[in-house]
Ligand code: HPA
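Below you'll find only one chain, the form predicted alone, shown as structure tokens.
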């Protein structure tokens, strides 16, 4: 039987409530995110939920940045759904919208993995799209761009990022996707739009605001994740 994992982005950790008979198999305090791994059942399937992640801006240690993915490998997971909270660059996107990561732009300015890897295939995207359609759930597909942070984008940076053709922006996920593919774990990336990025936006965005927006998006996010898990 396939073993499925989900890495939960900022504001999305409430999905752990969906686990039946959860068992904490890893826990770590530190940084702005509590890191943990829980094992349980969703719709009769064994699922591992990863809350929190180590970002490149928090540590120079690749071992720490890749901790979730390396644990997924140790747990012999076949499939990882990797999620994040992201700013929406595409003017069509609204807060609480979901975007399948069809492509990405790496602005970390460093080599993340040691060998060439193939990004998530079109077959995975098609499967996720079809699952949404069958369940009358609206999801977008687009390009995710990420940089190290830890600051949110300025108005000038937003104008620049829009010119790259990216649809959503954040500070994570690309290391997860690339490392998972390097280790042979199939992946699907999903961005939850927690704030819109546009030229007239407020000057500051805070982490608390992103977490709050992620909580507001929970119902749609949770429903889609459960459908994907059930369908895999």
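Residue numbers count along the first chain shown, from 1. Bear in mind that the values here come from a model prediction, so they are computed numbers and not experimental data.
Below, we refer to the form predicted together with hypoxanthine, which is not included among the displayed structures.
Only one segment in the set 67-75, 132-140, 81-89, 97-105 has residues whose heavy atoms sit within 4.5 Å of hypoxanthine in the predicted bound form; it is 81-89. For the three marked residues, 13, 38 and 48, no heavy atom of any sits within 4.5 Å of hypoxanthine in the predicted bound form. With a 4.5 Å cutoff on heavy atoms, residue 195 counts as touching hypoxanthine in the predicted bound form.
Of the heavy atoms in residue 170, some are within 4.5 Å of hypoxanthine in the predicted bound form. Within this chain, residue 93 is remote from the site of hypoxanthine in the predicted bound form, having no heavy atom within 4.5 Å. Taking a 4.5 Å heavy atom cutoff to hypoxanthine in the predicted bound form, the contacting residues in 122-153 are 152, 153.
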